[in-house]
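Shown next as structure tokens: one chain only, the form predicted alone.
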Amino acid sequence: MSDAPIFAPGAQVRVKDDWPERRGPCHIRTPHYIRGRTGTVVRPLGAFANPEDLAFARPAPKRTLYHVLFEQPPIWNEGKPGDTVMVEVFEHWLERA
């Protein structure tokens, strides 16, 4: 497995719509308000140990972390067009949109 980022700046990505209520006890570090949402990769931030594995003291392979930009109004039903939210999201939570 390569450590090179899969997504380049400008790529459209969708955050997986995954919930602990569906798959059982787990530790999820991706904010619930962006799950299932589409955003734009701003930049890869490097590779870091997966915090979801670290929470259970399991071996934690490194995963690429990204800054992903989302339009704000559809997320919180407030703000004006052009308002955005930037969130750090690990690569294993992203898929091509």
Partner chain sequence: MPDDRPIPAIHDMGGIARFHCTPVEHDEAPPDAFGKKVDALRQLLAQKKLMTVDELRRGIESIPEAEYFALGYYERWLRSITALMVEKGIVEKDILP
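All of these numbers come straight from a predicted model, not from anything done at the bench. Numbering follows the first chain given and starts at 1.
Although not depicted, the form predicted in complex with its partner chain is the subject of the following passage.
Contact check for K80: no non-hydrogen atom falls within 4.5 Å of its partner chain in the model of the complex. Heavy atoms of T64 never reach within 4.5 Å of its partner chain in the model of the complex, leaving it off the interface. Mapping the unseen interface onto this chain, G46 falls outside it, with no heavy atom inside 4.5 Å of its partner chain in the model of the complex. Using a 4.5 Å cutoff between non-hydrogen atoms, T40 does not count as a contact of its partner chain in the model of the complex. Applying a 4.5 Å heavy atom cutoff to its partner chain in the model of the complex picks out L54, A55, F56, A57 from 52-68, in order along the sequence.
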